[in-house]
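One chain is shown next in structure tokens, namely the form predicted alone.
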């Protein structure tokens, strides 16, 4: 049976001495991936982005995290000198622990470590699925395909053809690694050609 993440966190976040919960305001840096802390984080509330700036100052949103998602440098091998930041998109609560926590129980001998170890494979599978989705988006050749691919993902996740974008349009361009002006033109064409309806950050898909 798949672990109920909400129940799991509710029961154990206050009972394990090796866990640390922190709160962050909008735009605060939650963590960076440059240090080798073997750290795992679970987003308890809010949303956050994994952001990278290259040597020219260009911003890329590498990943977007929502409630109960895992992140941390243990999942991401940094192969460049560009530092990666996890930044709060809105007010967040985050649970921090070390990957080594899986091996060493705390003094209370709580069950957190065993439950986490037993379910780690499922957590990693969910993480791999999200990363594969991201790769699929980035490998699409045209701006239109990237936009419609992302809109389709949001539609499936929300079980509706109408949904709200999790980003501003500037950040959407950064997330899809496309030029903002070119993206805005493509959105205009998609509206005019009857593919989408757009009202602010709310999108309705008009195609099947």
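Since the model is a prediction, treat every value here as computed from it, not as a measurement. Positions refer to the first chain, counted from 1.
Below, we turn to the form predicted together with the DNA, even though it does not appear here.
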37-45, 164-172, 149-157, 62-70: which one contacts the DNA in the model of the complex at 4.5 Å, heavy atom to heavy atom? 164-172
Does the 4.5 Å heavy atom contact test between residue 177 and the DNA in the model of the complex come out positive? yes
Exercise: residue 198 in contact with the DNA in the model of the complex, heavy atom 4.5 Å: yes
Do residue 142 and the DNA come within 4.5 Å of each other in the model of the complex, heavy atoms counted? yes
Non-hydrogen atom contact residue 182 with the DNA in the model of the complex at 4.5 angstroms: yes
In sequence order, which positions of 183-197 have a non-hydrogen atom within 4.5 Å of the DNA in the model of the complex? 184, 185, 186, 188, 191
